[in-house]
Each structure stands twice: as structure tokens, then as C-alpha cells.
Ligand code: FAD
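Below sits a lone chain in C-alpha cells, taken as the form predicted alone.
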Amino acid sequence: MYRRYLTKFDLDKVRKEYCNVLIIGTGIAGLYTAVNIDEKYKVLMLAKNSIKENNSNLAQGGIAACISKDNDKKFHYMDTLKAGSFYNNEGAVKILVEEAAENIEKLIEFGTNFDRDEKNFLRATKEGGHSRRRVLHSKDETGKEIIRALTVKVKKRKNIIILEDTFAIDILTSKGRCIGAIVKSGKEIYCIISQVVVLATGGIGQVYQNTTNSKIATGDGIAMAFRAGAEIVDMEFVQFHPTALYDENNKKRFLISEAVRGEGAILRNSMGEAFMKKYHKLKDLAPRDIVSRAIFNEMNKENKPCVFLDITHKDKDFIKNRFPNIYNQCLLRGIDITKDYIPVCPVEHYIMGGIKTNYNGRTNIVGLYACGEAACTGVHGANRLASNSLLEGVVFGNRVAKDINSYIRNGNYYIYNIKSDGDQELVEKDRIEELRKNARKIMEKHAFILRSKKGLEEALIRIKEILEELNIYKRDDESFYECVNIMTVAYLIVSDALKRETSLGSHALVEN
């Protein structure tokens, strides 16, 4: 596989900064972890772009949580297991459900504005796989609202420093312990020495040709952890969101929230048929893996690039007030969703696998934690239940913070002499971009919604060839680092997919 460190350095000679806690990533998991760290500890947060550029900021539908008193927890628990094909870690699911309400209360305390009714009760909607209305929301920009509130909270904390436009190249490890990270800011490469490191780097969307994910979602945390020797699990389970806005000219697809179907929208094929009744008893609100395969089947059957989402039967003012962002974004593309069908198709959305952690976010490397989409507690099983992702970020982010507060002590740093050397060939940026495009085409063709053993074997051969080529190169810029990370994640997804020889959840195998 790829060499241990992506850049050449000598820890004795580079500039070093020090902190108690280094959090890589500024999505909901990273921010929520940071605000729950004891204020006596110095926290550095890295955003490889702007603090606002992350998948959490794009989350539309909401955050699933049992806040009613009608014993909904047992139903939320069962809905999560059913959606995950019962492959879930049941202990993690219990934690997710049981600790939801306290963390929602904390989000509200931090200033998050969820939608409320005329009596000031929190409004809740229903999404795919949910047996009850339990998804709290802020119009159709829930993630953006939570990120706004958490960012305000973080910026008020004197012990937290946010470093934007800072790329984490690799985590530093020695003798089985994580001691910090090597990072790049501008033209400078330097090291941050920390007692603990938290990987909250988000998803892997840019591994695929079409995705709902942010442009920065290149699987960096998972790839860094893998190079360091962390255990990576369940990477074959990639979730494809059923309803991204179809746009043949844009690989970054605008998400049409599942909440639209939760409020009564109907999926129709090119003939106008409401087809989901043929595939599942929950029809349009079946779990995502089932809906994605159904749409994919209808597209292939009719040789069409998309199907359609119909919410035209709902009141016009309701649509515009409930989904203002979706309404406006579609209108910009010439689609009035109050009277036009919305063209949609499945694209990459989320990964259920990732860096293996315990219930407190600890990995097999001492001092290294992970939470959010980059981590894998097993809570989502083989397919994530809608709107459990934001909830996972706060529930397990809070647990990571609590564990760190009890684990670290001021001034206890571990500094070892680490060197990364070797002579590599300088590669042109155009070649890096070409390899990146090739990788995404391979994954879209062979590791998409339906997979075959033959296709996966072909993909693995080609991915290994690209990794071998990359291994002789060097280039100290973000495009190179991201390309290596994308290829590493692609390798992990395809390798795990080949190991699982039967279909399960989002991993759907077909004959060659």
C-alpha cells in the first residue's frame, strides 16, 4: 500500500505548535466535541477550507430524536435496526436513542432554532424508514442552523482556536501512540503536538463521480487513520441518497431532502406511475437502500437518466414555507416545485463504515479518537436510517469530549523524533487530476448501487495500479494529498466489498 507519510519531514527540525486537544474537522461532530471539552484545555480545530465548508452544513432534513413522552425510544431503536438490516451494533443504537434528548436540549441551549408550532412545541416530520414523526428540523436547512449556533458558541470559547485553510496531511504516531499531526497552511508544513487527536473529518463523497457531499469530502480522516494503523471496518456499506436533483452538467448534486417525501411527495417514473408500491410496503418512505435500488431499476428499465418527485398536490404556500431552500434552488434551475415534477436520481451520500471506535470514540491507537461520519461505532449497520447522522455527531461527539476530559492531564506531551524521508518524483498537477477522474469513474461504474464480483475485481486491479503510480510521486499541495486519500478510500471500499460475498443493506450484489 501507500507509504506511511505523504510528505517528507523531520520532527526535530520543523516548527511545532502545542495543544491539549487537536480536532481535525469543523462539522457538527467536531464543533460539538469542542464545545464540550473542559475549558481548562487548549483546543485547536482544523478546517481544511472555511469553517462553513462541510457536509453537516448541507444537511437539510433534520435530526432524529425521541423528545415525546409516548415511549418512542423503542420504536426509534427498532427503526434504526430495520434500516440497518440488523447488522447494527445494538449497544451503540441504544446509546444513540437514549442520549438523544439530552443532546437536543443542549443544542437548543447553545442557540439552535428548531421549527416550532403555534404553541411553541417542537415540530417533527417523518422520513424514510421512520415509523413515527420524530425528525426535528429548521425549515430545510437544519444542518446549516446547527452549524451556525455551534460556531457562535465555539468562537466565544477562549480555549478554542480555529485554524481555517489548514490541511491535515497525516497524524503523527510513535510506539502505538498518536502524538499530533503534520499539517500544511499556505506554503508552510509544520507539526501540531497534542495529547489527543480527534478525527471528525466527515465523508468520502468525492471518491464517486456524483455526490451530494461537499467538495472537501475526500475521506482524509479515514485514509490518515489507515496509514497510521487504525482499524477500518465496514467500508463496503456506502449509502446512495435516492433523490438528488438530476443535473447532467454538475457532479456536485443538490440534495432533495427525504423530508419532502415525509411531507407527502410521491416518486413517479417517466410514465407518471407511482412505482414505489411495487417495491416496499412503506412505498416512498422505505429505507434509503431500497428506494435507491427501486429508482435505479426504473431508470434502467426505461433507459432514462432520472425519475421524478411529485409534491404538486400539496398547498403552494406550505411547500414554499416548509422547503424554502429547495424551492428557491429548483426555481433557479427553471423548476417550480409547486407545479413541476422534480427530476431526481441516486448519488453517493454517506458511508456507514469508517474508523472503528468504541462507544467513547477511542480507536485502537492510544490518543486517537474519531467521531461523526469518519468513525464507525456500528450504529448505522448496513444502511443508515434517515436523519440519524446529525444525531450521531452530537451523541458520540459528546461522549468523546467526556472521555477526553477524564483522560488527559495538562502538560503530559509525548514527543518522539519522527522522520519521513525518501526521494519521490515530482508529479504534474494535470496528472493528479487525471488519476482522480479515473478513480471516480471506476467507483461509479463498479462500486455503485449494484455491484458484481467481476466488476469489483476489475476495480481493485485498477485502483492498485493507480496507488502504485502515486507511491513514486510527491507534490506538497492539497490536490496530491486528496488524490492519495481518495484512492486509499476507494481501495478500502472495494476490498471490503469483495470480502462480503452476499448482499446486505446498501451492499447489493448482482451476477457478473
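Residue numbers run from 1 along the displayed sequence. All values reported here derive from a predicted model rather than from experimental measurement.
Just so it is clear, the following notes concern the form predicted in complex with this ligand, a form of the same protein that is not shown.
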What stretch, of 369-377, 418-426, 104-112, 338-346, brings heavy atoms to within 4.5 Å of this ligand in the predicted bound form?
369-377
Is it the case that Val43, even though its partner is missing from this view, gets within 4.5 Å of this ligand in the predicted bound form, heavy atoms only?
no
Contact of Val400 with this ligand in the predicted bound form (heavy atom, 4.5 Å)
no
Contact label in the predicted bound form: Leu456 to this ligand, heavy atom within 4.5 Å
no
Would you check, heavy atoms only and a 4.5 Å threshold, whether Tyr350 touches this ligand in the predicted bound form?
yes
Even though this ligand is not shown here, does it sit in the predicted bound form so that Gly27, Gly62 and Thr166 each have a heavy atom within 4.5 Å?
yes
Heavy atom within 4.5 Å of this ligand in the predicted bound form: which of Val291, Ile355, Leu267, Met224?
Met224
The one residue among Asn88, Asn213, Ser194, Thr173 placing a heavy atom within 4.5 Å of this ligand in the predicted bound form is Asn213
Can you name the residues of 39-65 that have a heavy atom within 4.5 Å of this ligand in the predicted bound form?
Leu46, Ala47, Lys48, Asn49, Glu53, Asn54, Asn55, Ser56, Leu58, Ala59, Gln60, Gly61, Gly62
